[in-house]
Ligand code: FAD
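Form predicted alone, single chain, as structure tokens, below.
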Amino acid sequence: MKRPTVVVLGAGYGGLSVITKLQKLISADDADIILVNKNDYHYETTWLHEASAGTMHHNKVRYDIGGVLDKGKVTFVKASVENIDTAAQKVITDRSEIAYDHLVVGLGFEGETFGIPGLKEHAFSIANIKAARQIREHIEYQFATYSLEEVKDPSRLTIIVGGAGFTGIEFLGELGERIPELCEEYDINPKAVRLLCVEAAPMVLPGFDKELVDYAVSYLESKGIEFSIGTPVVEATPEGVKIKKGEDVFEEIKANTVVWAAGVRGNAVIEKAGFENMRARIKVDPDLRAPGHNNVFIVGDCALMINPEIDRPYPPTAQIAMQQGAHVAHNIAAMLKGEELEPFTPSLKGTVCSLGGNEAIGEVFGRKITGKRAAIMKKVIDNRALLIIGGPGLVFKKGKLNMI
């Protein structure tokens, strides 16, 4: 009999968790496993804000996929996924078509612009490692150019961050560390720099405890960061952004650097393939399968799960994606043996938001933590993700081992 083929799309937190767990659960005779990813490396999405600000080198953020694969069980295909034909059970890539018996979709996120004019053309997005490098280099170029100008252009040193959610706040925290270094390097008065966070919602870090949010805002403001809350961006232009300050009241802010961090959606392949979806995310069955597709599992940013306690979606975090990946691996192993599939329930251990350097806020195991304690916990969480995927060797190679 022909061995069944398991195809995993995407080598993010969810996809790699499926692969690294599944290769331990089954033998080479049980199934052919194929991993498809457009790059031959994985990057830690939760570290991209550091690479974007320039507080971490981009090579630290990524590692080779081949180093965590059992090559006797897993075949890696470097290709971009263009579509999924569920009727024919095949994946269409830019290089070939790949047939599957069981499919796992973990293709990650795309930036959500909410239809705001000009954002795609004139704003940066912390979307991947290449985008992070572009943002860092762009900011450094603005500082270098400003230092050489005879007539100073203040918009060069104005940085607008759209969104006061997790990514926006963590990026601002890193900028709070990096900007003083750039000012010293290019002999610029720090008072010439303006860092502004613009958020349409009436709050910073929705879902976090108010006491922790107040701590975060106060700390970032002490770094010179301004907040404009409840003021949606209505347009991005080559000169900056236009924000709404009230009924028929608008303000134009000139800035050479606009970074949009105000929302994500699933991958466009989900929509193209014809799955029922909301913003390219599939509301999965309890066992993480796509409704109506008994051999298709969805993990990570493409999976939409409702938290029954609050009747709202779980946030698409790395913590949940990795748990989903491990669970899907167990369910695929069960399917191969003809056994029952198990429903998935997230085990939320807490959330920590970095504020740059040795500052952070968090709720871990029901306890609120701030400052250095929270910053250390953040590094522990980051190292644990590496440990789960690649073992101690990957932690020593790529981990955040300087805890203070």
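Note that this is a predicted model, so its numbers are computed, not measured. Note that residue numbering follows the sequence shown and begins at 1.
Keep in mind the form predicted together with ligand FAD is missing from the figure; the text below concerns it.
- The listed set Leu175, Val259, Val328, Leu107 contains one residue whose heavy atoms approach ligand FAD in the predicted bound form to within 4.5 Å, identified as Leu107.
- With the partner omitted here, the residue from Thr55, Thr370, Asn358, Thr46 that has a non-hydrogen atom within 4.5 angstroms of ligand FAD in the predicted bound form is Thr46.
- Stretch-level contact analysis of 136-144, 75-83, 329-337, 282-290 against ligand FAD in the predicted bound form, using heavy atoms and a 4.5 Å limit, identifies 75-83.
- In the predicted bound form, no heavy atom of Lys349 sits within 4.5 Å of ligand FAD.
- Taking the partner from elsewhere, Leu304 is found to have every heavy atom lying beyond 4.5 Å of ligand FAD in the predicted bound form.
- For Thr345, no non-hydrogen atom is located within 4.5 Å of ligand FAD in the predicted bound form, even though that partner is not displayed.
- At the 4.5 Å threshold, heavy atoms of Ala11 reach ligand FAD in the predicted bound form.
- Contacts to ligand FAD in the predicted bound form (heavy atom within 4.5 Å) from stretch 360-387: Lys378 only.
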